[in-house]
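Consider the single chain below, provided in structure tokens and representing the form predicted alone.
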């Protein structure tokens, strides 16, 4: 039996969804893109163009939910399946778009570079419990107008896993799509085997910007899955109660569902978000707060109730270093998310309110993810009945270390974490150097970098990726890209 967790009764889910429907019909959403407003008006939404506002009837919302896929898959650069966003299947991905990286040499945050990003891709490519890459942080050594496409370029050039990404500009979408086409070979192949998920973020309360609403339309019409990242802040940009925040989150996310499905019926989507409470004492949005995690799990329940696969920013920390707080918040989030069955869990590696990535934390979080994945496999009998023969064998041999039953099921039953986690006795720990968690994590990163193997691309694919990125850089006056490993 798979262990599960539930925060909301079905009756409460239905009430929240109904209240969100009232909000969409009576208050509507601001849509700052005239073409998207026209799309909505042409398909039955009431539109006030002067106020840039669209109002969605319950029938329109139901119509769009009916065309939304209940599941979809992601594929790696070779076209092999990696993700099945269905049911309670759980997949982990690093948090995205951090502005800083935690420098392992100084222990201080700084702006990342291309070299940092390549290091990140090489590491995440080998972390077995992290199913996808994300465009995890923003290199500061390229023009800001190419920073979105450049991150995806490096992820595809050096990594094999699919990528959770996104763009802050309309113009970047075309080159990001073309980078994927260079890997897949054709638009039909990309549509058949998606390589990325694009994060599309409404602005709380109840607003879609010109850029983000256009991203939704562009992605869906290109066959690129999207995840909606509504970010209501309880007590600041949303009601202070968790239920009130869930009503707002539901309205904002359903508005994205309507835009996506009207643009392209059947477009694959994740019902996601990154809500948080607002800590009035510090004027911060703690992602490690238990109420933030509860909200994530609850809206995922609502998404599943609506029949949609889900996503959440959870399993990350507000700590500034790789310390006990970082472990506490990340492990608690990963466990709650896995028990809830959130399909795409975004967060590993992240510190400081989603603003910093740490490779040391990422390799630790990989082990947290592994433990969480073992947890949701649950407990089941494996030739355990009748129990008498096993106990007879134990009494006779005085151990079961080499029992056929032990050898058959050891790896299935017991999760053995990697060297970042210390399970040695004290004497052995001292003999092996008495390393701290940070030291073990740093050593593991070095091992992974030493073992890294580049994707097995045909040379023409690699050349096309580089040529497209160099062309995009020149559009913004950057004649050469930063040096990077061959």
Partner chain sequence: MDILQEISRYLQSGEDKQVLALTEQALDLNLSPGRILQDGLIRGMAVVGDQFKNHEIFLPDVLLAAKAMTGAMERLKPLLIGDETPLLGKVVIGTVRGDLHDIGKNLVGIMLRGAGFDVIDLGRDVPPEKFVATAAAEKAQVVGMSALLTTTMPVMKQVVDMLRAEGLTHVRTVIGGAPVSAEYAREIGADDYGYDAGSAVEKIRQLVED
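Quick caveat, the model's predicted, so the values are computed rather than measured. Residue numbers count along the first chain shown, from 1.
Just so you know, the form predicted together with the partner chain exists too; it's not on screen, but the next bit is about it.
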Site check 207, 237 and 281: each within 4.5 Å of the partner chain in the predicted bound form by heavy atom: yes
Heavy atom within 4.5 Å of the partner chain in the predicted bound form - the one residue of 168, 75, 158, 72 that qualifies: 168
Interface residue in the predicted bound form among 404, 391, 99, 115, criterion: non-hydrogen atom within 4.5 angstroms of the partner chain: 99
Any non-hydrogen atom of residue 89 within 4.5 angstroms of the partner chain in the predicted bound form: no
In the predicted bound form, residue 138 touching the partner chain (heavy atom, 4.5 Å): yes
Heavy atom of residue 128 within 4.5 Å of the partner chain in the predicted bound form: no
Residue 111: touches the partner chain in the predicted bound form, heavy atom cutoff 4.5 angstroms: yes
Region of this chain that lies against the partner chain in the predicted bound form, out of 406 to 414, 362 to 370, 379 to 387, 273 to 281 [heavy atom, 4.5 Å]: 273 to 281
Stretch 139 to 159 - residues with a heavy atom within 4.5 Å of the partner chain in the predicted bound form: 144, 147
